Every structure is written in structure tokens, then in C-alpha cells.
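In the block that follows, a single chain appears as C-alpha cells, in the form predicted on its own.
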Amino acid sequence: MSEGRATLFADREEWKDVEPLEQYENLNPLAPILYTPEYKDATGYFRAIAKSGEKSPRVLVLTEAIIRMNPGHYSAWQYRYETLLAIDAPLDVELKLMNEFAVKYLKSYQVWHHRRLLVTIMRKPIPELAFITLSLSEDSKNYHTWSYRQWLLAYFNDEEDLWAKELDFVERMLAQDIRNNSAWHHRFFVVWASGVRDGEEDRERVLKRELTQQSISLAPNNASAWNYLRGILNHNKVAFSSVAEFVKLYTVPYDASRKDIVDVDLPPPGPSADLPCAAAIEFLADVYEQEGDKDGVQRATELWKSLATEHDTIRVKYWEHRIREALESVQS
């Protein structure tokens, strides 16, 4: 055995009483998988203990070895969880191991699902926030990490201490990267989709605070901020036309002769902005379409044509579809 290679389970004295079960394959499999000797060895013993139903400390050693070689091995994860409960293993120790795994196997669904199961039993959600923040420092847009944070907040929704600094957390994440779509999505979850927190009862004030004009002015071609603006207007049943004057500023080339006047309600684009902004043109077209009459549809159609032919040609088929759909709705 080469130096540094883990000892096979077949060579371990404590496993001599177990007869490993090889994976069943036909005599001439069409597409045989070339497993490493270590993986074939460990999974052979796993099949044997799964068949016998053994739940013991050595099973934790075995399943950890398999998971380190294949973090997507669902059966090994499930059997490990059942073993932890059966032998009353200390879950805080298991959670520390998951701290390592969550960073090492950041994109493995099974790692995060296993963590959910542990926290559901332990019921200590607040320390998890610090862990998640650390995990996001490795990958600030990792879907599994954000999904886990939202699950944590939703599952322990009544624990106000858990929510106390969540909006501040989102602000920090957006300050680091204003184009972080995951952070924008989480902001909607926190502010609009999870009930009304203390101090947020005045929803009109919250809506005014959440309008994203300032964020858009900093990065006009950031689709995430435009999508957030759409989302909160739809959620609050506010017409898109309420922000039309702001949107129009971003649908035309930058006017160098314009006086640089600070306007909090209608923050203009800066000289470095790449204008006209395709997202703004799309938004303005939706404003006109919402008017519901022929004139509105006609104005929307002209804007979609400009997107198809000049500003967003990669989605030409989509804009042609929008034009056909709008014209058919007016004719009907």
C-alpha cells in the first residue's frame, strides 16, 4: 500500500467479522464505473452493514470515509443520520464535522440537508447565522448556503432574536457586491415574504425605503436591482407607472449637459453609466403595456423593437414574442 493511502477496511481488525458485499453488475456491464480500490472497499462494507441493520460507532467511521470520497452518496448520509440517533451520538460533535464538510463540499445538497436534520433536533439556530456568514465568505452566491439560511429563518420564524440583524446582514452583503442576485432575493424574503417584524409595521414607509432607485443609479445595468423593484411593486400591488419618471432617465443616452443635482427620489445615472439601459427600456415598455389601451401597447411595441434590433439583440426571439402577444391581446 502506498504511503499516505488510507487503510482499507478489509485490513482493519475491527471489521474482520463483516463480509463485504460487492456491487452487483452483469458479467459484461455496458458502462462499468471504474471505482478506486478504497471506494470499492468502503462501499462493500457499507452494503453489508446496511443489510444487517447495524448501527454502531464504527458505522460512523465507515460512512464518514465514504462521504469524504463521495459527498453525494445519499444512502451513506441517510444511514449515518439514523445511526447518530440510534446510538445517541453527540450531535454538537457531528455539527463541527459538518462545518468542515460545508466548506469542503460547498455545493453538495446532502451536506446542507444533513445539517438541517441536526439543527431541527438541536434547536439552536442563532449560532448557525455566524457559520452561514463564514460559509458565504467562501462563495457569496452559493445557492445551498442561501437556501439553508432561508430555511433556518423560516423554520424558527418566531424567534425574534434570529431576525434582529438580518436586514443589516443583507445590507452588508449588497455593499460588498451590489450585483449579488442571491442577496437581493434574500432581501425580498426578509422584508416581504416572511411576515412583518417589529419596527416594520408601517408598510408604506417600508415600501418607500425599499424602492431601489439609489442602487440602480450606482449600477444601472444590474438586473438584480431592477427585478427587485418589479417584485416589490407587484407584491404591494403598486402600478409600475409610479416610478416611470425615474425609469425614463435610464432609457436615453447620458446627457452631459445635465446639471448634477442630487435628487434622492429621482437619482440620475452617473457619467460612467452604460446608457441606454436595456433593463430600463424593458421596464418602461411594461409601464406602457399596463395601461391596457392601444396607444400604450403601441409605445411598448416600439420599445421592444428597439431591444430586439439594438439594445438586447441576444434575446430577439423573446422580444418578437412579446410584440406578437401584446398585439394579439389588443386585437382580441
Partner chain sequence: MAAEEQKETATLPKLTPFDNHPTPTSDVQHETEEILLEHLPSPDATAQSPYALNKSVHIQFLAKHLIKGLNARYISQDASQPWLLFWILQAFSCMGVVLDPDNCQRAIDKILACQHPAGGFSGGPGQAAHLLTTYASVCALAIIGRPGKGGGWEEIDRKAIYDFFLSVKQKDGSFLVAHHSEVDVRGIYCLLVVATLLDILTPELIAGTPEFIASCQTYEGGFSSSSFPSYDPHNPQKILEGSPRPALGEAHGGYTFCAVASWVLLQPYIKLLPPEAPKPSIDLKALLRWLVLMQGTESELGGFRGRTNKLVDGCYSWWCGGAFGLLEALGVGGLENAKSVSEEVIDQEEEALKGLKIGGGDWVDIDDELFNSKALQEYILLAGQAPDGGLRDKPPKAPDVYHTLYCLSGLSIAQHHVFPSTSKCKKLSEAWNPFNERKIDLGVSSEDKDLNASLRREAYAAILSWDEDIARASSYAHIVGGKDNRLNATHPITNLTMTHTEGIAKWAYGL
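Residue numbers count along the first chain shown, from 1. Just so it is clear, the model here is predicted, and its values are computed rather than measured.
What comes next is about the form predicted together with its partner chain, which does not appear here.
- A residue is said to contact a partner when one of its heavy atoms sits within 4.5 Å of a partner heavy atom; residue 60 fails this definition for its partner chain in the model of the complex, lying far away.
- Among residues of the shown chain, residue 117 is one whose heavy atoms approach its partner chain to within 4.5 Å in the model of the complex.
- Residue contact with its partner chain in the model of the complex: residue 133 places no heavy atom within 4.5 Å of it.
- The closest heavy atom approach of residue 255 to its partner chain in the model of the complex falls outside 4.5 Å.
- The partner is absent here; in the model of the complex, the one residue of 99, 236, 147, 242 having a heavy atom within 4.5 Å of its partner chain is 147.
- The partner is not drawn, yet in the model of the complex one stretch among 73-81, 88-96, 199-207, 121-129 has residues with heavy atoms inside 4.5 Å of its partner chain: 73-81.
- Residues of 83-114 that come within 4.5 Å of its partner chain in the model of the complex, judged by any heavy atom, are 109, 113 in sequence order.
- A change of 3 Å or more separates the two forms for residue 211 and residue 159: their C-alpha atoms lie closer together in the model of the complex.
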